[in-house]
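Below sits a lone chain in structure tokens, taken as the form predicted on its own.
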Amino acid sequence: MADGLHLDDITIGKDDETLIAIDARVAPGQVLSIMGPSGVGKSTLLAFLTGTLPPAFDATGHVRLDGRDLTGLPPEKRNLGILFQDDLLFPHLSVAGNLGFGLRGGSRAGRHAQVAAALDEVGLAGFGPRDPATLSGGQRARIALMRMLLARPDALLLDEAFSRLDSARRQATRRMVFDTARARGLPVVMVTHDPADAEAAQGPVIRLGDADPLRSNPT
């Protein structure tokens, strides 16, 4: 049974200084916004969640997803999808090749059908043979999202994922990501410095960067 993403008493520090202290739960389909200026440690939190935190940091606490403790697992076993501010599409692959990169198992025809359905879902039917370089920023963002979703993640992490888009594309892409997460019941942790992102998410907000690194709870 889906129980969401639990950030249980997480504390991250470096050189005897506490940078982040968070205790929160993100329900299925909910978006938790982590806000603060650059350099405050937002991406450091995501690194802890994905299991890629550099050894220079000290961290305690647990990450639990639908009752499963992810804390000691390697990144590839956590089944977390992440979107960055750069779409990171593979330039040597077609759009279809990018979408199919994470698909494993099944027949070739089945994988092709999944890719075609993904393109249709984001309004890009027929774009499979295209070179990613020919896509607009909004189209690239949609392909990056669907590539991640085809890997069937159990939760989504957004690292300033909308910051490179212009205002119109940002609103449309943001709406698509949030609507998809709600429809699929995926908990989302979004790192952002833009209050408009948090407002659109309509979920709890944790603000980092206060003078006192007190334990942060959703507001």
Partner chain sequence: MSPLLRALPALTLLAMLGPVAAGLWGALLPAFGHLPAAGFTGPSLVAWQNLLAWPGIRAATALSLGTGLLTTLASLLIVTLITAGWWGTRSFRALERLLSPLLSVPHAAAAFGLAFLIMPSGWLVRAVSPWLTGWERPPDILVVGDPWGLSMTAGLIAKETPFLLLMTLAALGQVNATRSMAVARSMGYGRVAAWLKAVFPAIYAQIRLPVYVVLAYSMSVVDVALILGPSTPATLSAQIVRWMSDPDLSMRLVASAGAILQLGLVVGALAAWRLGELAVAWWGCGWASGGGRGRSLDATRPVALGLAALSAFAILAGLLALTLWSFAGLWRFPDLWPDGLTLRSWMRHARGLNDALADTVLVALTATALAMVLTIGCLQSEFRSGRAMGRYGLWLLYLPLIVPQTAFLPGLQTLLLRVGADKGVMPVIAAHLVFVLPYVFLSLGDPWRAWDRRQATVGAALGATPTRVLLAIRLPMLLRPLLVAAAVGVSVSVGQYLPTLLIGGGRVATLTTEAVALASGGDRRAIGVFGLSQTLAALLPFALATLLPLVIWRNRRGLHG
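Positions refer to the first chain, counted from 1. Values in this document were obtained by computation on a predicted structure and should not be read as measured data.
Another form, the form predicted together with its partner chain, is not on view; read the next lines as being about it.
Peer 1: In the predicted complex, does each residue in the set A21, Q30 and S38 place a non-hydrogen atom within 4.5 angstroms of its partner chain?
Peer 2: Answer is no for this spot.
Peer 1: Choose one stretch from 47 to 55, 30 to 38, 170 to 178, 65 to 73: the one whose residues place a heavy atom within 4.5 angstroms of its partner chain in the predicted complex.
Peer 2: Stretch with heavy atoms near the partner: 47 to 55.
Peer 1: Answer for A133 alone: is it within 4.5 Å of its partner chain in the predicted complex, judged on heavy atom distances?
Peer 2: Taking the distances in the predicted complex, the answer for A133 is yes, it comes within 4.5 Å of its partner chain.
Peer 1: I'd like to know whether G102 contacts its partner chain in the predicted complex, with contact meaning heavy atoms within 4.5 angstroms.
Peer 2: Yes - in the predicted complex, heavy atoms of G102 and its partner chain come within 4.5 Å of each other.
Peer 1: Since only the chain is shown here, I'm wondering whether D86 would be in contact with its partner chain in the predicted complex (any heavy atom pair within 4.5 Å).
Peer 2: Judged by the heavy-atom cut-off of 4.5 Å, D86 is in contact with its partner chain in the predicted complex.
Peer 1: Spell out, yes or no, whether the shortest heavy atom distance between R142 and its partner chain in the predicted complex is within 4.5 Å.
Peer 2: Judged by the heavy-atom cut-off of 4.5 Å, R142 is well away from its partner chain in the predicted complex.
Peer 1: Counting only heavy atoms, which residues in 138 to 168 are within 4.5 Å of its partner chain in the predicted complex?
Peer 2: Residues within 4.5 Å: R147, M148, A151.
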